[in-house]
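One chain comes next, on its own, written as structure tokens: the form predicted on its own.
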Amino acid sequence: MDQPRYLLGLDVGGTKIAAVVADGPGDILAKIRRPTPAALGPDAIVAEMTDMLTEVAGAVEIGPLDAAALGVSFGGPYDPVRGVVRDIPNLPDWGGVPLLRLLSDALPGVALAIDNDANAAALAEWRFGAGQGAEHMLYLTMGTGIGGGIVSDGRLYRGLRNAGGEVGHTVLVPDGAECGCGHRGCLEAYASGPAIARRAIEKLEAGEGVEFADALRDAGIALLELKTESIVEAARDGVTFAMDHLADTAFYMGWGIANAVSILAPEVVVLGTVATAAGDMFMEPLRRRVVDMAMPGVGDATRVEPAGLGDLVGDYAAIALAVDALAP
């Protein structure tokens, strides 16, 4: 099949919408970004999306209907079978919105694919980033939660209710820390961005890391305002408490990944956010943990790599879905 001339993408979140246009191989040619008019409801947001597509398509002197496909990376639960959005805390009144139909009506004749942002990011890393060349890949991001996606035989594995890849909600510690999902001891409760900060605060409140606590105070950072980014920065600067805390986090994250590797046997595991920011000081102990705990013969054969797309992952996630929309 000949490559399409142009592809369109939308990365839709609770605070911003990005629209991009790419050429057939997926190289992004233009991008615009606007705040999400969340308070105005779904109709206003869909209208904003279509207006942005018209503008970004104009950057390459086409109309949106001239594009071969549109991919939409959506920051919330999405039902690909029914084509509707599920309830989303940061986008009021979106539960049950038929996004597939609304966009199909607005762009007749344009191939369309929509998925949640974790699945879309997995597809992007597989097609354009650190997962290129692998037939089987697990993608995980250590952000607000531990989101993820699985690519198997070159296709997204979605599972029941599009919930495939939720490694963050596998239980590591019975009766452990409470997770946002309502269970206890999930990987997400130990290695997501907020969990990393929470665990550090607990240690500091218990009297550990006095020098680090003093440095925070001198910088005017209240203990309860501590963010994971500050911990990573301190670790890069050689602060012992921060380095040890990241090593503890690598222990938990490596444990969770080892369980997933034993089940899925992917060629590569790609990690985003904290892993890319912290680099080898985080990745090396994590890799050792995976080898030690995964099934022998699989853990040492699976590559564990930092994500390759960085801040551009949302843009490429949308374009990866557009490419997928054209797949036979």
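What you are looking at is a predicted structure, and each value in this text was computed from that prediction instead of being measured. The first residue of the sequence shown is number 1, and the count goes up from there.
Only in words, not in the display: the form predicted in complex with a further copy of the same chain, which the text now covers.
Check: Heavy atoms within 4.5 Å of a further copy of the same chain in the predicted bound form: which stretch among 232-240, 98-106, 178-186, 196-204?
Finding: Within 4.5 Å of the partner lies stretch 178-186.
Note to self: Counting heavy atoms only and using a 4.5 Å cut-off, do H136, L160 and D292 all touch a further copy of the same chain in the predicted bound form?
What the structure shows: Contact check passed for all of H136, L160 and D292.
Notebook entry, point to check: Is A247 close enough to a further copy of the same chain in the predicted bound form to count, meaning some heavy atom within 4.5 Å?
Noted result: No, A247 stays farther than 4.5 Å from a further copy of the same chain in the predicted bound form.
Checklist line | Partner proximity in the predicted bound form: A38 to a further copy of the same chain, non-hydrogen atom cutoff 4.5 Å | finding: No, no contact at 4.5 Å.
Check: Does a further copy of the same chain come within 4.5 Å of any heavy atom of P266 in the predicted bound form?
Finding: P266: yes, in contact with a further copy of the same chain in the predicted bound form.
Notebook entry, point to check: Is G129 a contact residue for a further copy of the same chain in the predicted bound form, using a 4.5 Å heavy atom cut-off?
Noted result: G129 lies outside the contact set for a further copy of the same chain.
Next item on the list: Have a look at V298, I45, I28, A68 for me and say which one sits with a heavy atom within 4.5 Å of a further copy of the same chain in the predicted bound form.
Entry: Contact check passes for V298.
Next item on the list: Could you tell me which one of A260, M283, A57, M49 places a heavy atom within 4.5 Å of a further copy of the same chain in the predicted bound form?
Entry: Of the listed residues, the single hit is A260.
Margin query: Could you pull out the residues of 29-64 that have any heavy atom within 4.5 Å of a further copy of the same chain in the predicted bound form?
Written below: Contacts from 29-64: none.
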